[in-house]
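In the form predicted alone, a lone chain appears below as structure tokens.
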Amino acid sequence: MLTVTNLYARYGKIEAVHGISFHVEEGEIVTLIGANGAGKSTTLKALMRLPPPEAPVVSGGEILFAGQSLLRIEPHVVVDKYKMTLVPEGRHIFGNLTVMENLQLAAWTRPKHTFSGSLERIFSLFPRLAERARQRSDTLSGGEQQMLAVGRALMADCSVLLLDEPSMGLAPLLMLEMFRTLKQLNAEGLTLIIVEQNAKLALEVADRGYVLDTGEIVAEGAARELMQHPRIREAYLGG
């Protein structure tokens, strides 16, 4: 479904990703793990074709979605045509709008007659959003805001969901609840690419993983194999 080959990406003169290659098959959960500054978020922004200065300039390599190059594609086309959506680090919800308004905005690419069914689906996944539908989003808890960020992405009718640090700032129980929901979505056919500092949690739900270190992929393989790798256990899984 998605193939990245020899990708280079930079912010100004600073190169953040140095020729990485990876692939994602339809229906998989693939995780990118690594320390801060490893290039994980940069990679997701490059996939979504977000513009500078917030996102990097792709200075080399190729990104193919079902065999089609994304390099000259604008972000709204990535969402509308290629059905790939990002849940960004830090959520970036519209705090001055209600939960419902955030979800309505996210459905701009969809036929109007599909909205109510999609909304029911989001509320079944995240009942707390239904309870707070008329509430301003900046008054939600951190966990509820993350639910809204994921729900907003799903309202775009995506087939590939990119998540940047979905567990950040969540209490342990909410973290587990979020990853159970992601696993459920995958079982229903959604392809997931998860960037996550909580390597143990990410590898427990993923099919395969890639380990990034200072902009390079230093290990890859089945998630279970990576969890047993001595160096990865020591560096990312607390031994």
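The first residue of the shown sequence is 1; numbering continues from there. All figures in this text were calculated on a predicted structure; none of them were measured in a lab.
Omitted here: the form predicted in complex with a small molecule. The next part is about that form.
S.K.: Which one, 198-206, 182-190, 22-30, 36-44, holds residues whose non-hydrogen atoms are within 4.5 Å of the small molecule in the model of the complex?
M.R.: Answer to the contact question: 36-44.
S.K.: Are any of the heavy atoms in residue 227 no more than 4.5 Å from a heavy atom of the small molecule in the model of the complex?
M.R.: Residue 227: no contact with the small molecule in the model of the complex.
S.K.: Does any heavy atom of residue 219 come within 4.5 Å of a heavy atom of the small molecule in the model of the complex?
M.R.: Residue 219: no, not in contact with the small molecule in the model of the complex.
S.K.: Contact with the small molecule in the model of the complex for residue 16, defined as at least one heavy atom pair within 4.5 Å: yes or no?
M.R.: Yes, residue 16 lies within 4.5 Å of the small molecule in the model of the complex.
S.K.: With a 4.5 Å heavy atom cut-off, would you call residue 53 a contact of the small molecule in the model of the complex?
M.R.: Yes, residue 53 lies within 4.5 Å of the small molecule in the model of the complex.
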